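Only one chain is shown below, in structure tokens, and it's the form predicted alone.
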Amino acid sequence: MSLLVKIKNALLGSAELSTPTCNSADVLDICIKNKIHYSKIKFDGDHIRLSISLLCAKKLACELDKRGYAYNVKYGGLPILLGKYKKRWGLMAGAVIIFCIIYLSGSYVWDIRVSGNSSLTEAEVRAELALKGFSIGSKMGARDVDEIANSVLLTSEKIAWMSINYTGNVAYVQIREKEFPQTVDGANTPANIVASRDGVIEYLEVMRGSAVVKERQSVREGDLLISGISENKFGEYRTERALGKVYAVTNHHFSVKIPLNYDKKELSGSVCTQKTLKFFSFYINIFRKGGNLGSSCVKIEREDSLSLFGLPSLPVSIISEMTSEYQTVSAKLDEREASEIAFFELENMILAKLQDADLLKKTIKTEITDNEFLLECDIICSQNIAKSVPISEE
């Protein structure tokens, strides 16, 4: 059977008529005399089977009824399928609505994809486009894409260049962010270098200015380390911005206190689940389970975009929202849990304060009482204590 015949039978309907083999000669004679065409004939045991179109099957069945021959017909194809669901008008109406939506949505933006961004997020770029009236659901061709891009560039403080191109129903947005020159505050202002904290000098790296301290010398916070004031051979003074690094051995003390008693949230078991269909900017509630909950609730929301066969995401997504009611109860940390939290906080404090320092010695002491876990830490390290301070005109 050719492909064209198969397509024709699928659209117009087809049938398979079977009758006992003893009637085969009469059945074929009826087909010849009444110009009933069949596409395939098959002898199956004690029956003969004819593959035939829907109209010819009805005509042949009528002739066999007149002669009293036994037969059986199996119908197929689109007309039979539609006939099964003709009383279920809701399905047919839904299919028509879906077809119309897909047809009409072909001229609207289904998705916006951003590239070229580094500090800006894709959501931030979409928000700037939305302020100019361009978002998912906008009609394609209603406005020139260059005009949209230029309107964004006129008001944006972070985007230097933008290009918008369509591929199907997806808008591909390419951007280049503005580059802001990094300036050093007071780069030409005369300044001294002083100690940012107490310590014992290890060594100095003077790039500009005059060192006023020596190695193994003890200094206090605020002491002058490198001077930006110099005197020439004529006894005249001039000022400049002193530059350099001064490494010293410094002492640091950290203290962490973790309360053992705390309040925690426990789910009470009451849950409310809701699903919402989002089509472009329209929201339709499609499912809800559970009643109204109290004010003490935890909400988890997730949005899943629909995509078929790896094609760009459709402008349809399912928003799932689960709300669980909780109650606040008293709890107590054991020594192991409190210790883990305390050491975690200590590491964060050390990283924040001594990120560029070289650790020389660390001493840790812990203590636990009925109410808290105490962690004491003393650190000796080598670090740059140079701090630039402008020279007063006085």
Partner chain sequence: MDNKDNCKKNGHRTFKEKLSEGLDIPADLLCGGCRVEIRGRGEAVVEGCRKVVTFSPDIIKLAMADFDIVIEGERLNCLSFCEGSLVIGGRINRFVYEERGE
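Basically, rigid core = biggest C-alpha set you can superpose within 1.5 Å across the two forms. Note that this is a predicted model, so its numbers are computed, not measured. Numbering follows the first chain given and starts at 1.
The next section is about a form of this same protein that is not shown, the form predicted in complex with its partner chain.
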item	value
Stretch from 36-44, 55-63, 328-336, 356-364 whose residues place a heavy atom within 4.5 Å of its partner chain in the predicted bound form	36-44
Heavy atom within 4.5 Å of its partner chain in the predicted bound form - the one residue of Met349, Ile341, Leu28, Ile368 that qualifies	Leu28
Ser24, Ile32 and Ile48 each touching its partner chain in the predicted bound form (heavy atom, 4.5 Å)	yes
Rigid core superposed: Ala352 CA moves 2 Å or more between this form and the one not shown	no
Ile30: Cα shift of 2 Å or greater between this form and the one not shown (core-aligned)	yes
Rigid-core frame, C-alpha of Phe343, shift of 2 angstroms or more between this form and the one not shown	no
